[in-house]
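Shown here is one chain on its own, the form predicted on its own, set out as structure tokens.
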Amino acid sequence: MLKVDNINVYYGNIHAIKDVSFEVHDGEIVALIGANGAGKSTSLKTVSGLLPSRTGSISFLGSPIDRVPAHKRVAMGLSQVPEGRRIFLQMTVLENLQMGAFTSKADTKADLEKVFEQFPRLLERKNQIAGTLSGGEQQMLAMGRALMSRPKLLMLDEPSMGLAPILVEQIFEIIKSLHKAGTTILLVEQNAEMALKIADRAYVLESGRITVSGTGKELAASDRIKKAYLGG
């Protein structure tokens, strides 16, 4: 579904992503794990079209998307839930969700019903100003907004960041539920233990390079990964 081949991304003179290649197959949960500053979010932004790569290529559903602008990638079925949620704080929950459907020409009523079914809390608060929601509710709203574009591949950037442990569990249950319902997921997550539990495959980013890859189970059992990321 997604093939990233030999990308190199720079912030000015800083070489942030170095010869990174990875792929996501239809129906998988693939995790990118690594320490803060390893290049995980930069990788997602490059796939989304928010940052350019100086080399390599990115293809989605068999088509090259290197020259496709970000909003058209959304219309193709590639949607990202950004780090820090980035919801529209002064707008209502319902307005935020409607913004998520900006690329859709179809009636969004059924999409809204699906999101409210997945996130009943958002239905309860649909007329509430988004900036007054709790951190967990804001994360649900960011995910619901992304789902409004009917993504074939949903990219989640640090969905557990800043949340209490009980809410982290809840968010990961929602991710598993979305996957079970047929959404392919690319997950960037500092909480390596939780990510590897649900990932079919995973890649480890260190200083902008992929250093290890394998199944979620293989990486969770690796002594090196345990020592570096799992507190083992």
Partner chain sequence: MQFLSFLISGLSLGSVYALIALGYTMVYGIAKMLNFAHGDVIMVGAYLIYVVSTMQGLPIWVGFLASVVGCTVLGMVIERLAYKPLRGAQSLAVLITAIGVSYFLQNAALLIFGSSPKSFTSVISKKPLSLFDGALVISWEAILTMIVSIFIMIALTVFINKSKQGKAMRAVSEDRDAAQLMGINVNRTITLTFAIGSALAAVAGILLCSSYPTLTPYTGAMPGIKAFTAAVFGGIGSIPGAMLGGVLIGIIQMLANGYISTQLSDAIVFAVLIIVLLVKPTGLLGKKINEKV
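The shown structure was predicted, so the numbers you read here are calculated from the model rather than taken from an experiment. Residue numbers count along the first chain shown, from 1.
One more form of this protein exists, namely the form predicted in complex with the partner chain; it is left out here, but the text below deals with it.
Interface residue remark: residue 98 is counted as part of the site for the partner chain in the predicted bound form, having a heavy atom within 4.5 Å.
Among heavy atoms of residue 82, some come within 4.5 Å of the partner chain in the predicted bound form. The shortest heavy atom separation between residue 86 and the partner chain in the predicted bound form is within 4.5 Å. For residue 118, no non-hydrogen atom is located within 4.5 Å of the partner chain in the predicted bound form, even though that partner is not displayed.
If you check the partner chain in the predicted bound form, you find no heavy atom from any of 29, 53 and 60 within 4.5 Å. Here the chain stands alone, but in the predicted bound form its contact with the partner chain, taken as any heavy atom within 4.5 Å, falls in 45 to 53 among 45 to 53, 195 to 203, 178 to 186, 164 to 172.
The contact residue chosen from 112, 154, 133, 74 relative to the partner chain in the predicted bound form is 74, the criterion being a non-hydrogen atom within 4.5 angstroms.
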